[in-house]
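Next up: a single chain in structure tokens, the form predicted on its own.
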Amino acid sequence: MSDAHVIVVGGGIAGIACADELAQAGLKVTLIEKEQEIGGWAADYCCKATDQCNRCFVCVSDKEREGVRATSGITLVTGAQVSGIEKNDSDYAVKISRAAGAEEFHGDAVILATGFTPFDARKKGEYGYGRYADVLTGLDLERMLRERGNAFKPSNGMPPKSVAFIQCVGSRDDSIGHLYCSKACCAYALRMARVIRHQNPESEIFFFYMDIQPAGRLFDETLKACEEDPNFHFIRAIPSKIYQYTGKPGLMMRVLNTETGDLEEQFFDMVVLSIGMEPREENAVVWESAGLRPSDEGFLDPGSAEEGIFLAGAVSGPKDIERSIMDARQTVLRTLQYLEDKS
């Protein structure tokens, strides 16, 4: 088995973790990524430490990425779009296309770790994303904190005094056909809200939600810290609309007062939409060529993978960084067992 070759498709955190674990086991690994750089969406995420580490696993993702680049047993193939996967008599052929032309790689096993697509908040037009500068997505805020180190209003560069986080944007929503929970949104929103509060003690956070879904280590401690913060307000309601009055700064939000049953208007400096995860549309070409099927939610059904093809990370359903790494390690164990039995 030591001379076995595994092809990992997808250079996000799950694919990186798989490649690293396989290389440590002494196997030859080819890691194929469609972008020019590996890292996936996690490469845009910010560290969410305040006065202590909040176990968001972004630093782990960064270290994994650097480790894979430095490992001699891993061949990186970037800027490559997979066009098909075929099973031969003795191995799998993974076909790719990139600027240099079409190529083909042969491996004894294939791991698909092609991840997810962030929900496009423009599909929820009532929230004004793309129209109002100070309506951001969670991914926008992640990038802002990673690149600039602090939260600010895009409209004027000033720190926000009142910030609303709206949960379940693109998840648990029958109107767009997404009935599933994206699982990571509550955790990342609470952690980023704490970063804003840590940076600006005068700021106020308003957290609009259906219910709170735990995810990751220290989640309970993070939630408790938010609940004990007098400037952190939990509102169990999902706003219906965001708009601006002509000539007036700030964002107005229409939301149902669940105690009185009345629709009310509330003012905020900035609104953050906690967007969920969608299946990657381009995965369909790979799935069909390999005889795989999507689940009812649109992600890849693990039960449809034939012998020698394995799944890792969010390709089979929403996962945060920690769960993606754990899933990748379990996938590697199954892959090693398959190769051992095959030999």
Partner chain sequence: MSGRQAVLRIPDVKPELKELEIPREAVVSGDHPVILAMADGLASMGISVTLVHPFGEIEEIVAPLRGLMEADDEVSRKYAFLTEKVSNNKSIKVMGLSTLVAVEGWWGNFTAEILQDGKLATVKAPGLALAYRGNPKVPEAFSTDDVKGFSEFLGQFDFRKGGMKKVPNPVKRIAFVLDVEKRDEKWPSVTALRFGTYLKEFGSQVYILCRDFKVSVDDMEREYRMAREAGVMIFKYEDLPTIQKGGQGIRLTFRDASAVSREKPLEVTLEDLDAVVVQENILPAEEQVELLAQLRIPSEGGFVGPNNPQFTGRTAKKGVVVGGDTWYPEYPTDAMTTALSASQELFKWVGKGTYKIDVERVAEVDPSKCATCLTCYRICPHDSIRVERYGERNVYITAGAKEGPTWEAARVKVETCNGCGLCASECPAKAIQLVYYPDMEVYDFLEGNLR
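Numbering follows the first chain given and starts at 1. Here the structure is a predicted model, which is why all the values come from computation and not from measurement.
Keep in mind that the form predicted in complex with its partner chain is missing from the display, and what follows is about it.
This chain is displayed alone, yet in the predicted complex one of Asn156, Thr117, Asn257, Ser97 has a heavy atom within 4.5 Å of its partner chain; that residue is Asn257. The single contact residue among Lys183, Arg197, Lys87, Lys123, judged by any heavy atom lying within 4.5 Å of its partner chain in the predicted complex, is Lys183. With its partner chain omitted here, the record of contacts in the predicted complex names 173-181 of 105-113, 173-181, 241-249, 88-96, defined by a heavy atom within 4.5 Å.
Not displayed here, its partner chain is approached by Glu64 to within 4.5 Å at the level of heavy atoms in the predicted complex. When its partner chain is considered in the predicted complex, Glu265 lies well away from it, no heavy atom lying within 4.5 Å. Although the partner is absent here, Lys28 sits far enough away that none of its heavy atoms falls within 4.5 Å of its partner chain in the predicted complex.
Though the partner is left out of this view, Tyr209 does reach within 4.5 Å of its partner chain in the predicted complex, counting heavy atoms only. Residues of 308-343 that come within 4.5 Å of its partner chain in the predicted complex, judged by any heavy atom, are Glu322, Arg323, Ile325, Met326, Arg329, Gln330, Val332, Leu333, Leu336, Gln337, Glu340 in sequence order. Relative to the displayed conformation, the Cα-Cα distance from Ile176 to Thr258 grows by 3 Å or more in the predicted complex.
Relative to this form, the distance between the C-alpha atoms of Ile176 and Glu259 is increased by at least 3 angstroms in the predicted complex.
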